[in-house]
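The form predicted on its own is given below as one chain in structure tokens.
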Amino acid sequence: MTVDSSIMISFSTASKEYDNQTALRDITFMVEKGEMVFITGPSGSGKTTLLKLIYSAERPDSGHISVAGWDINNLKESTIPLLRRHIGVVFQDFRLLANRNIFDNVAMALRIRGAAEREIKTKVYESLKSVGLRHKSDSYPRNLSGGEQQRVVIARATVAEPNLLLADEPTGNLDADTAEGVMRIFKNINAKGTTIMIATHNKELYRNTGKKVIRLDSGNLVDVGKG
């Protein structure tokens, strides 16, 4: 059951272990609806684990997490797909289907939900247009550059108009100019009201943005400040 609130994400002393190794320890922070927030820290600091807890790919071992009013701790397995309908995820490794064209890759999220083909066509083309790839709808992933593939991933993650967008090192494999273009797309999405959390080790993404920055190190929350 969802609860109307200005808070999109709430962590309260949340911890996660893997094989008796602590991945996250007593993490507490809140993200308001409509915020753009960066999660940063060195490799192995817990950034990806934190994102996995948000979209319920993992559950906390202790503490409490709520996302868009959903109680992650007590979420039934059968309810997880309902939560994820509100969340778009941009993975670092793209995860595009090589044997499907760009249109079908983006359309998949809508087809899984049983959307009508007319609605799918409209939304997919709108989503591809928003990332500047409307003209690539018939192409296949292998024919696109890394930056173009990342933009397809963003289109796929946002085609169903999620309330929350999560991105795991979305510019990690891109050159500086391409990364800047991807960040402009995120800013445009955020400007329309979508809450965004971006995990990155690249300080240039959040430097002088004035956005909230959550700093992790070795599973610990070091600081919550501004970029």
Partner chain sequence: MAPYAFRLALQSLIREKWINLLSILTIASGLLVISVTLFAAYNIDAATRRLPEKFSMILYLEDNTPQDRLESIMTALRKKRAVSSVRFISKDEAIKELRGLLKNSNYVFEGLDENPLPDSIEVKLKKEAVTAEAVKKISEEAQTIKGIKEVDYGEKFLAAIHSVRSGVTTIGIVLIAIISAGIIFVCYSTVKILFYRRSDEIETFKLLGATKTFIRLPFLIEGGIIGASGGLATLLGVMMFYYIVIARLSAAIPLLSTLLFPRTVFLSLPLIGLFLGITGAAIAIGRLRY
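Residue numbers count along the first chain shown, from 1. All values reported here derive from a predicted model rather than from experimental measurement.
The form predicted together with the partner chain exists for this protein as well; it is not shown, and the discussion that follows is about that form.
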Checklist line | 4.5 angstroms heavy atom contact with the partner chain in the predicted bound form for Ala191 | finding: no
Check: Do Tyr125 and the partner chain share at least one heavy atom pair within 4.5 Å in the predicted bound form?
Finding: no
Next item on the list: Determine whether any heavy atom of Arg84 comes within 4.5 Å of a heavy atom of the partner chain in the predicted bound form, and answer yes or no.
Entry: yes
Note to self: Can you work out whether Trp70 and the partner chain are in contact in the predicted bound form, taking contact to mean some heavy atom pair no more than 4.5 Å apart?
What the structure shows: no
Checklist line | Options 166 to 174, 50 to 58, 29 to 37, 182 to 190; stretch whose heavy atom lies within 4.5 Å of the partner chain in the predicted bound form | finding: 50 to 58
Margin query: Going through 155 to 171, which residues have a heavy atom within 4.5 Å of the partner chain in the predicted bound form? Please give them in sequence order.
Written below: Arg156
